[in-house]
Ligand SMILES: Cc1ncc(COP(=O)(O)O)c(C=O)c1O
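Consider the single chain below, provided in structure tokens and representing the form predicted on its own.
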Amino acid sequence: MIFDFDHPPDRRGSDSVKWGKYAGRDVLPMWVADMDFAAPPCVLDALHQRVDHGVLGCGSPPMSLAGAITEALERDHGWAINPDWLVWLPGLVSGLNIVCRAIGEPGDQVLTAVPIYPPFLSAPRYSQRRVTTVDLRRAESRWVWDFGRLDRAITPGSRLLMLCNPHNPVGRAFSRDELTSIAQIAERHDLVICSDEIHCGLVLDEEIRHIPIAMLGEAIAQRTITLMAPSKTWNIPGLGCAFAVVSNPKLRRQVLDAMHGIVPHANVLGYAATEAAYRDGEGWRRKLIEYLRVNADRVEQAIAGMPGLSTCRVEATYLAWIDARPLALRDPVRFFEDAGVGLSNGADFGSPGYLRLNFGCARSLLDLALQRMHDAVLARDVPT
């Protein structure tokens, strides 16, 4: 089938959080991690069939859904899981908060690396845990972990290490060696790993394959809670369906216990869409990756021509992490909003002076946004 990513639906005036933020203003929304593309036809067909049934009562995940996910994980990542390991969630952010509640006790330490998706920083605090961050390090054209700094940050009260792979916002798909180093640190200090792998279907680099950290071996699998969802890859975040893969029965029980009484079930439309995406959405996903790969190249080339801005090549996700610190702007987000481009604030990710740009949009919109940024940067004096 031919999928038209150049002409997505017009989201202005709709219920879109992304577009509603700048309603009535000439500001292109390139901020929240929500693509502009319509969901795959197979997903829309499944939703129509489910709605046509007419009854939208309480539902449970069908066995066919678990089968679609286990088949997809083995097909895409070579990861063989047992359907009994699946824990259904109403969203990945809920999963992050549940895991923080499930592991350790109030006052215990949760570790993660910044910059990082903002709920990694808020979830521990909401659970009365202490969050400790270490800085990712920029090494030439990519961001990497500082394993020595991570090791030194661990205390006797450390219980949980929160990993994001592929990484939001720096766009890394971590290598086997990097993941092995993280696993060794977790084993040495008896840490549980919560691995957010929601962007695993969005690896853009043709030389890289996503590696779930739980695949490294049985020992690391027994201390890992992997969070996944179809929401980013197939652009259905509004349907509220995610899942955890937890092979360790004790950890799985802790997660389920932490959910009791406060976490709603995923909804029946989310189940239907998730099954269709994992079972029949591969053709659409491959075409999406081709489109995003070109968009990523355009962003990289354009930013290279803007004095005072820099970025690294995006290996995965549809998000570019931009260093705007050399511009010495009081408010980088406001500066680019005034130029007609709405970006995410790096301070929310633990890294002030940076910006995140979402290039999951029509190429014409992306080119216009990049041109506006280029013009704004060249219209001001850059400190030397």
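When you see a residue number, it is the position in the sequence shown, counting from 1. In this text the structure is predicted, and so the values were computed from the model without any measurement.
The same protein also exists as the form predicted in complex with the ligand; that form is not shown, yet it is the one meant from here on.
Engineer: Looking at 123-131, 105-113, 148-156, 162-170, which lies within 4.5 angstroms of the ligand in the predicted complex, counting heavy atoms?
Structural biologist: In the other structure, the partner sits against 162-170.
Engineer: Would you please decide whether Ser231 lies within 4.5 angstroms of the ligand in the predicted complex, comparing each non-hydrogen atom pair?
Structural biologist: Within the cut-off, so yes.
Engineer: Is there a non-hydrogen atom of Asp196 within 4.5 angstroms of a non-hydrogen atom of the ligand in the predicted complex?
Structural biologist: Output for Asp196 is yes: heavy atoms within 4.5 Å of the ligand.
Engineer: Spell out, yes or no, whether the shortest heavy atom distance between Val93 and the ligand in the predicted complex is within 4.5 Å.
Structural biologist: Close contact exists here: in the predicted complex, Val93 approaches the ligand to within 4.5 Å, heavy atoms only.
Engineer: Tell me, yes or no, whether Ala46 is in contact with the ligand in the predicted complex, where a contact means a heavy atom of each within 4.5 Å.
Structural biologist: Ala46: no contact with the ligand in the predicted complex.
Engineer: Looking at Leu65, Cys42, Ala33, Ile322, which has any heavy atom no more than 4.5 Å from the ligand in the predicted complex?
Structural biologist: Checking each option against the ligand in the predicted complex, the one that comes within 4.5 Å is Ala33.
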